[in-house]
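Quick setup: one chain, the form predicted on its own, written in structure tokens, and binding and motion questions come after.
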């Protein structure tokens, strides 16, 4: 076999395998190969095994010097495009202010919307670029990026245009999602806004191929299930996948709607209750947990351990955003999931690779497997468990995307 690149010096190669992994089908099982080698050609894995079993010729050989190798991490839920900041909110909340008091002082999500609406596409790109490079630095090779801080149709499209520009600038694979985030402040205009989203925004986004999915926030102070069904049905009719923010603060029927509509994922789930665990387990929908939110806001953690034990397929994401999860590391999100959501190290790796890919509808990511794009993370350590053990330092030495080394420096890409 003649290949472009042979990678040796791998103490441990660890990867999940197959379709979305859940407790009943070996959530904790991983393929592990010690003293491994990887062969790459045309940006894809073409051979994987023990180094001693390799027979072939490589145009170039890279020796890692005794490090662990994992699949490229996948971040299936981020809000990396925004303008302005919420530092004042953070200071007020730290001093004991309530969410309602912060809103009354001009803060909260509507302040981010106002700042984002005023920013140009180029400004949004400039602001988002270092955030996404930080995720790359932490091991992410695929990142979902949502709109949702634009609110008006034009501002939402501008956010998606910014993501499109970033797709051309960064080695990351970026998946854009149109997020219908919050309703208008005036109760009487909600129906008009839903009509505008369905008649104008979603069809335009689909026609321009600006997004691969539509997400919506369903909660007591956000959208209600009846409104969400109208919007998500429109998304499906326009050829877009569907997702849902739900069960974050209250359970008002969002989860049940998402499962009935067969959404790719339901995200947050901090308010998910025991009667819903089996419903999730019986579905193909991925339960995406966001531990950074629980850490930053001090709200209850999503019941990851109980969901997995019930048989649900669980993914982990950063929820990178200015207000509730300023978490710029995908690896750190997995580390937090072991501390806050009750996942084992094995489960966290599955949740941040294979299952995260399934939460985005991807079948060609999240695994080290012959025929798939050669996306991988090389750790500084010789033991893969350092990925989720390490706190406060970056465990990642290098990130490879499509068979080429991408920089791990937040300042640029090569």
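Everything numeric here is computed off the predicted structure, so don't read it as measured data. Numbering follows the first chain given and starts at 1.
A second form of this protein, the form predicted in complex with a small molecule, is not displayed here; the remarks below concern that form.
Checking 158, 329, 324, 276 for any heavy atom within 4.5 Å of the small molecule in the model of the complex turns up a single hit: 324. This chain lacks the partner; the member of 181, 93, 137, 129 within 4.5 angstroms of the small molecule in the model of the complex by a non-hydrogen atom is 181. Screening 330 to 338, 281 to 289, 118 to 126, 79 to 87 for residues having heavy atoms within 4.5 Å of the small molecule in the model of the complex returns a single hit, 79 to 87. Proximity of residue 151 to the small molecule in the model of the complex falls outside the 4.5 Å heavy atom cutoff. Contact check for residue 109: a heavy atom falls within 4.5 Å of the small molecule in the model of the complex.
None of the heavy atoms of residue 193 is located within 4.5 Å of the small molecule in the model of the complex. Though the partner is left out of this view, residue 319 does reach within 4.5 Å of the small molecule in the model of the complex, counting heavy atoms only.
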